[in-house]
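Only one chain is included here, represented as structure tokens and corresponding to the form predicted alone.
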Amino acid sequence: MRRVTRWAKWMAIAVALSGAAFSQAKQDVDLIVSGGIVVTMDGARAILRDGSVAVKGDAIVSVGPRAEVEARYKGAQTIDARGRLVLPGFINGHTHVPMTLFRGLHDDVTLNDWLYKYIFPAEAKNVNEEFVRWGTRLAAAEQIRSGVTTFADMYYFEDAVAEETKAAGMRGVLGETFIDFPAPDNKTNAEMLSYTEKFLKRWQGDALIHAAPAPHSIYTCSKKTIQDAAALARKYHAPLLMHVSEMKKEWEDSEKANGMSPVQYLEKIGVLGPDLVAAHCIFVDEADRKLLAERQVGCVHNPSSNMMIASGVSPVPEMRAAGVAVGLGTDGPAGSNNDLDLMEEIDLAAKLAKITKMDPLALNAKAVVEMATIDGARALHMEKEIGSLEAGKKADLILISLDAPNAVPMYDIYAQIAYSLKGSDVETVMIGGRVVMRERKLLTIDEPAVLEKAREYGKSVKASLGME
């Protein structure tokens, strides 16, 4: 009996010891980003001075102090982030990426003239699927280099944009344009609807691509066209992208034709809702702002574009105060903004608000960094997936070097990001757990081939417009 009791005791001790050993065993993960200044942009806006991020598959499994994360997890790979900022990837909430190939084509004109006298004719003569593919590749290289991991796009042949975006490893909310005249890809409304429905079906459930209908605006689309686009978005539980209240003329014409503002008109025809991403939102009064907030519409502020075309200044502080989710965008990289550098927009958004309000407190550094990350995710209705570094969210993150002269010294992290650091300071980029740029070397794009092809397109576009 004693032998049995003694044996049982030893077995209990052995089980307890093995259990303790098991509990202390490290969990395997694919990668640990180790030892950086982790700017989480989580609900508490926690900043970890010596932090680590553990990644498995396409998701974050842990964010915390380096010692704690590395005590619990064993990474198949490690990225040394010491001396660098680690942030959620930037979100470019509004652009037209194939227009990189029209960069600098014609500047210093009004939006109306730019569209109708220059861009629409240039697109009619040059835009085809191959043009769109190369323009998207060029844009992907530019955006990754400046820390953009997700972008929202509106253009033609958007299925080709989606293919190239996925090939580059980027996350995209990609809208096929609805417009009431023959477009480069679809010549009739019936073709437009058919193409877009196939596009939405093809990309449903994709890890990186969120396909969307994108009615251009109330001044280029009829009521029926806009409602058809909205119905298609709701049928497939897809986002809806649209330019909203971006010109004074648009607002005046709506008041004259509809007896109400563009925002109120979209409410009347049943389009405002939590699926809508509204680009610009410049001419929105207090009633409009209240309506946008109530309908949970995401808005995207494009400071460079609004300044370059002198369209006006979006009332961003008032929209944020009203509860509207406001993100940041570059707009298209031609005419309305000739680059895709979102860090430039962070800087300009703050300064534009300050000077127009004559108040240095109008929009502070922390607020504009929020607009480029977590609020940008809210504007795209994707805050459960991206926008902050938190367990369970997608592993979209960037490392920013602090070694350049413009990066030192550093007293306030948000101010450094907003006013001192540049897109060129971005060193490493990860999207969905995949490293797409490491130590400034692009890993998913043949950059020399893209640059060579872009130069060729520059010559052919000039020739098509008699500019040579």
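Just so we're clear, the structure is a prediction, and the values are computed from it rather than from any experiment. Counting begins at 1, following the sequence as shown.
What comes next is about the form predicted in complex with a further copy of the same chain, which is not displayed.
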property: Partner-proximal stretch of 203-211, 231-239, 273-281, 304-312 relative to a further copy of the same chain in the model of the complex, 4.5 angstroms, heavy atom; result: 304-312
property: Option touching a further copy of the same chain, based on a heavy atom within 4.5 Å in the model of the complex, out of Asp288, Glu142, Glu250, Asp159; result: Glu142
property: Single option in Glu294, Asp108, Glu130, Glu191 placed near a further copy of the same chain in the model of the complex, where near means a heavy atom within 4.5 Å; result: Asp108
property: is_contact(Gln264, a further copy of the same chain) in the model of the complex, heavy atom dist at most 4.5 Å; result: no
property: Heavy atom of Leu451 within 4.5 Å of a further copy of the same chain in the model of the complex; result: yes
property: 4.5 Å heavy atom contact, Ala167 to a further copy of the same chain in the model of the complex; result: no
property: In the model of the complex, Val173 touching a further copy of the same chain (heavy atom, 4.5 Å); result: no
property: Contact at Ser388, Arg434 and Thr444 by a further copy of the same chain in the model of the complex, all three, heavy atom at most 4.5 Å; result: no
property: In the model of the complex, residues of 343-362 near a further copy of the same chain [heavy atom within 4.5 Å]; result: Glu344, Asp347, Leu348, Lys351, Leu352, Lys354, Ile355, Met358, Asp359, Pro360, Leu361
